[in-house]
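A single chain, nothing else alongside it, follows as structure tokens in the form predicted alone.
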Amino acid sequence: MPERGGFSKAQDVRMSQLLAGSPKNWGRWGPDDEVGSLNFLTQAEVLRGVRAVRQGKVVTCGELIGNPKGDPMFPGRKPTVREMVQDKNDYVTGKATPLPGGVEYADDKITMFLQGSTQIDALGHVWYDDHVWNGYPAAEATAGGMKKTSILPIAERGIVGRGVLLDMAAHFGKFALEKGDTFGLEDMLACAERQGVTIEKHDILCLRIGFLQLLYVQGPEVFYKDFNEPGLTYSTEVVDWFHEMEIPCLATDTISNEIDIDPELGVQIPLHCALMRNLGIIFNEICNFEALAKDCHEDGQWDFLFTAAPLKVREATGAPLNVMVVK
């Protein structure tokens, strides 16, 4: 059995054991920090992102909410429900009356998981050993909301910088990676070299996996059976690279931004712990990079200005958004 980071699948590995000695950014920006590696995105980094704008193209990368074919989401979460509260029929039936002047209007509402579509994780979303990002107690996430490291500080700051897309599915000659497919640091660097793009310090790293698009090809019954998303796997090399490159944000078109259960370690979402909890890297999940990837393959430009800002939801563990890139 091959090993990663000194542990084999046969061992009962706890996250604290696996990540003992793993780098941390706790305290790097002071004891009260709640935005983590977004601190790397200074005004100079925003301008570096702006310099990647060379064509004036705008591409949005949010998933459709309320897709009639189904919204991709982690098993156990309920689909988003949109409901009309008022429409033309209410005026026809006399349930509603026009406003003074004769104006009529429609209104609707949605009920959804805040992480049930394209979204950003709050830094307090995941923890182990009873502590979240920057050493805050996990107990702060009680009494109806997150008192520290919620999505709000990230939403108020926003995420703007140079983004780079790596089409990992195309790198492996596939439309989409499938359940259990994995890749590591060498694969990402080889993909960047093949695409002719250089990943620079403080870049926002975007990975196209393609897996969620299989929901619309296979249907939900096949797609969710034995669910184990493909993606990046944990290794000390991966963690060290993210740390040394000071990557502020990892964005993917999967639900977990990593393979859900590591096939060699048997642990679930170790990169959430190593990168988000320990390094403060922001996780942007469930993007839709199909249109962006198609455009990048056509014009050969894989870097761009990346912009994102989740909704300002008080004490929330995450919030939806529509990622927008400018090339």
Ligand code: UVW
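Start at 1 and count along the sequence shown; that's the residue number. The structure displayed is predicted, hence computed values, not measured ones.
The same protein also has a form predicted together with the ligand, omitted here; what follows describes it.
Of the residues 249, 239, 168, 255, just one reaches the ligand in the predicted bound form with a heavy atom at 4.5 Å or closer; this is 255. The listed set 115, 235, 150, 134 contains one residue whose heavy atoms approach the ligand in the predicted bound form to within 4.5 Å, identified as 115. Under a 4.5 angstroms non-hydrogen atom cutoff, the ligand in the predicted bound form has residue 285 among its neighbouring residues.
The ligand in the predicted bound form is approached by residue 77, whose closest heavy atom lies within 4.5 angstroms of it. When the ligand is considered in the predicted bound form, residue 121 lines it closely, a heavy atom lying within 4.5 Å. At least one heavy atom of residue 125 is located within 4.5 Å of the ligand in the predicted bound form. Here the chain stands alone, but in the predicted bound form its contact with the ligand, taken as any heavy atom within 4.5 Å, falls in 266-274 among 56-64, 294-302, 33-41, 266-274.
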